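Next up: a single chain in structure tokens, the form predicted on its own.
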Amino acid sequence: MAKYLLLKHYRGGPTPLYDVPMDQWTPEEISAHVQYMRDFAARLEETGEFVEGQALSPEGTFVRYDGEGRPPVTDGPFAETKDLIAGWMVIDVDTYDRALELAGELSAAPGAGGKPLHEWLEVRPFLNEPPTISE
């Protein structure tokens, strides 16, 4: 089994086929989307392939070290220019092909008008061990 991170990009990834911003969805459309995600996770729990997942708030800040005794540096007030990750899910599957299959299925979560979003998900494998450096 191998673990993969499925990243749901709200902004910053390729544009989905049906690109209606979530703040323009009806409450019923949002509920249907969230229920699809819950049902998907529950099905993967039954097969032992679900590890965990979370939706994320749109607020966030990039932070970096700025030197000894100095406060951290943040990225400033330009949130509209940043990638925005809407959520993530960790799966534990037998093959990379299975990870792609599940990501494709998750991409069909309904959006505005109840249509599948066809959103792009980023599939990232976990590192099994740290890379070995040889001289």
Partner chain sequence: MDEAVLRTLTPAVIGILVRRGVDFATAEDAVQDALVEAVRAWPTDPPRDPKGWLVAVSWRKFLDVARADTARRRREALVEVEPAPGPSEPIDDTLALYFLCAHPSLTPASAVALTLRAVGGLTTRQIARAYLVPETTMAQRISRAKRTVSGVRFNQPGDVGTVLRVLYLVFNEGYSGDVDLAAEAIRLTRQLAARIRHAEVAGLLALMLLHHARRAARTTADGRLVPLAEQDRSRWDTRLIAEGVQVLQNALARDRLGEFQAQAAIAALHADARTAEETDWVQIVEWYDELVRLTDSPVARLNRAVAVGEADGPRAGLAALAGLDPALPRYAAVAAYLHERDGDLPIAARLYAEAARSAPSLPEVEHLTRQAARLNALLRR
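Nothing here was measured: the structure is a model prediction, and the numbers come from that model. Numbering follows the first chain given and starts at 1.
The form predicted in complex with its partner chain is left out here; the points below concern that form.
Contact check at 4.5 Å (heavy atoms) against its partner chain in the predicted bound form: all three of Glu45, Asp94 and Ile133 pass. At the 4.5 Å threshold, heavy atoms of Leu17 stay clear of its partner chain in the predicted bound form, well away from it. In the predicted bound form, its partner chain stays beyond 4.5 Å of every heavy atom belonging to Ala103. Its partner chain in the predicted bound form comes within 4.5 Å of a heavy atom belonging to Val51.
Contact with its partner chain in the predicted bound form, defined as any heavy atom within 4.5 Å, is confined among 60-68, 24-32, 105-113, 86-94 to 86-94.
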